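A single chain, nothing else alongside it, follows as structure tokens in the form predicted on its own.
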């Protein structure tokens, strides 16, 4: 069990990628804080882990709210005695051509993806530094941390920004044995992606099947979606890696959709 005695704080963890990562961490011995906008879903996800024999707590947390973030991290430390791994995973998607984006939508996208990453990082690394145990900061980027696609200007901007944040935290955190890395998945069949299929079909004037085959998967080597388990495996690698040899990196998990 590669995360025995570790404590993980995972945002957006009541469903999708976040839940898969939280469940995998729990199976590897970590105590997990399920931080999510939906407190009932967070509690239910935590109960799923506890039913399986793990340790978890569900916490309501809007990652754009400084007070809520600090309180949720403090509650995690009080419950489990520290925090060793942060997975900044909370995110949303809004798609329009740039000329149709409202400023409010732009700001909301950047707030959730970038402000949320900053606030959770700041709250967690304070405890990582103070504990002397070090830790691992993991950002959920995207292939769009490296590439661009139509209709996603704020998402692409935010996901690119996470790489810069990770590199900075990797340099600042090194003397405290805190690592920072970015996971860059391709399209994963989560509710977030499922909602994009009809939206992109309407915006691009093509069928939903064409969105899947000609937009989402056309550049993969095998025509397959990345899975939540694929991403959770990389999240485990970053969380459990024992030295600063693996820090400041961004790893693409996309069935070859992007090769950088």
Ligand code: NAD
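Numbering follows the first chain given and starts at 1. Remember, predicted model here, so these are calculated numbers, not experimental data.
There is another form of this protein, the form predicted in complex with nicotinamide-adenine-dinucleotide, and it is not shown here; the text below is about that form.
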{"query": "Among the candidates 174, 110, 92, 150, the residue which, in the model of the complex, approaches nicotinamide-adenine-dinucleotide to within 4.5 Å (heavy atoms)", "finding": "92"}
{"query": "Partner-contacting position among 77, 188, 114, 128 - heavy atom within 4.5 Å of nicotinamide-adenine-dinucleotide in the model of the complex", "finding": "188"}
{"query": "Contact segment among 24-32, 201-209, 188-196, 44-52, judged by heavy atoms lying within 4.5 Å of nicotinamide-adenine-dinucleotide in the model of the complex", "finding": "188-196"}
{"query": "Contact at 15, 37 and 155 by nicotinamide-adenine-dinucleotide in the model of the complex, all three, heavy atom at most 4.5 Å", "finding": "yes"}
{"query": "Proximity of residue 159 to nicotinamide-adenine-dinucleotide in the model of the complex, heavy atoms at 4.5 Å", "finding": "yes"}
{"query": "In the model of the complex, residue 142 touching nicotinamide-adenine-dinucleotide (heavy atom, 4.5 Å)", "finding": "yes"}
{"query": "Contact flag, residue 61 vs nicotinamide-adenine-dinucleotide in the model of the complex, heavy atom cut 4.5 Å", "finding": "yes"}
